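Shown here is one chain on its own, the form predicted on its own, set out as C-alpha cells.
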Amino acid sequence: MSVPDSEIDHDLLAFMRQALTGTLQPKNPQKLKTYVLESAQYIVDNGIDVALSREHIVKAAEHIYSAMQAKQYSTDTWSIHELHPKAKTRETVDFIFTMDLLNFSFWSEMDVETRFAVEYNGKRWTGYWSLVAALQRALDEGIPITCPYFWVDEQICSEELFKHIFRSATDEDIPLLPERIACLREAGQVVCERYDGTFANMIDEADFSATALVVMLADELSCFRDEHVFEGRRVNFYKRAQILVADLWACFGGESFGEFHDIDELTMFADYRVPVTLTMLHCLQFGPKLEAHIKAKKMIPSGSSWECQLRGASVWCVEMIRREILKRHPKVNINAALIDFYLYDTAKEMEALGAEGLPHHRTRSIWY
C-alpha cells in the first residue's frame, strides 16, 4: 500500500539519505553561543551597586586605542613576555591548556617579599607569573607536568610531587592547591578518555570555533563551568575557558592551533585585576557600601550579588569600549580579548609602581 505524499516526512528522509551516503554535515559550531555578553548586559541592567559611566567610557576608548597603537599592541605582545612559550607546537598547546587549568587566585594579603613566589632563572616571580614559572621549572626538571596521562596517575603524580612542583620561595604556599590538583585530575580523565590524551584533539572537534570550544570546555569540565545565579537568572562568565582560547589565539598568532574564525565573539575575562584599571579610568563606579567593603579589603563571596555585578559590569564595560573604538576607527583590528590583555598588563604595571587606586576585590575561587 502506498503512502500519500502528504504523510511523508521529507526532512527525515533527506536526513537518512545523508547519513547513509556519508554526506551528513555536523552541526555548525559557529551557531553556538556562550551567553556571556547577554549575561553581562542582564547584570548591568538589573544591578544597583555597580554603574557604568558613558562619558568616561568614551574617553577611555580613545585613550586605550591611542595607547595600544603607540605600543603596537597585538597578539605578538603575548609571546614577548619572558615566560610565555615561544615555540608553536602541539607541546605548546598542552602547556597553555595546563596553564589555564590552573590560572586562578594568586592574590595575597602578604607584601611582595613574603607572598607566594617561585624562583626560576635567577628571578622571583609572583602572581600569574609564579604559575608559568612553576610549570617551566617543572619541565626543566624532567617532570611531565603538561601531560594529561601524568595527571591521572596518582601513584606517580602524587600530592607530594604537586607540592614540590609548586614549592614557594617564601613561607606562603600557593593558594588552593587541592583545588588545582582536582582541576588537573578531572581534565586529565576527560582528555585521556575522550580526546586521546591531547587537548589539540578537542580543538579539532570544535572545528576551530572559539565559541564552540568555550562551550565544550564548560559542558565537559566542571572546573570550567563558571556559571552563577543573579536575580533569578543563570549568568555565565567562563573566564578561564575564554582566556584559554584567547591564549591559544595569541600564542599562535591566529594561525595553526590558534586559527579561530570567530575569536571576536569572546568577551573580556572577568577577574579581579581588570576592574581595577576600569575603575582608575572612572568607567566603573561603585555604590558606597560596596566601595567601602573593597577599600577595607573584606572578602566578597564567589557568586554573590556584589561579585556578579563586579564581573558583569566589567565585561559589559569592555564591550562598550570595544564598540566605541570601532565606531571611531572602523578599520582597526581589535576585539575584547586584546583589550583585556592590554588592561591586565596595565593593571600589573600600576601594581608594580604602587600606583593602584582602589584595591582589587577579594574573592577566593577557582574561577579567576
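All values derive from a computational prediction rather than experimental measurement. Throughout, we count residues from 1 along the sequence that is shown.
There is another form of the same protein, the form predicted together with a small molecule; it is not shown, and what comes next is about it.
Highlighted residues Phe116, Trp125 and Arg167: none comes within 4.5 Å of the small molecule in the predicted complex, counting any heavy atom. Lys71 falls outside the set of residues with a heavy atom inside 4.5 Å of the small molecule in the predicted complex. When contacts are judged by a 4.5 Å heavy atom cut-off, Asp247 counts as touching the small molecule in the predicted complex. Under a 4.5 angstroms non-hydrogen atom cutoff, the small molecule in the predicted complex has Ser105 among its neighbouring residues. Within 4.5 Å of some heavy atom of the small molecule in the predicted complex lies at least one heavy atom of Tyr272. Note on the partner interface in the predicted complex: the residue among Phe95, Phe162, Trp129, Phe286 having a heavy atom within 4.5 angstroms of the small molecule is Trp129. Checking Trp306, Phe341, Tyr65, Trp316 against the small molecule in the predicted complex, a heavy atom within 4.5 Å turns up for just one residue: Phe341.
Picking from 147-155, 87-95, 294-302, 74-82 the stretch near the small molecule in the predicted complex, with a 4.5 Å limit on heavy atoms, gives 74-82.
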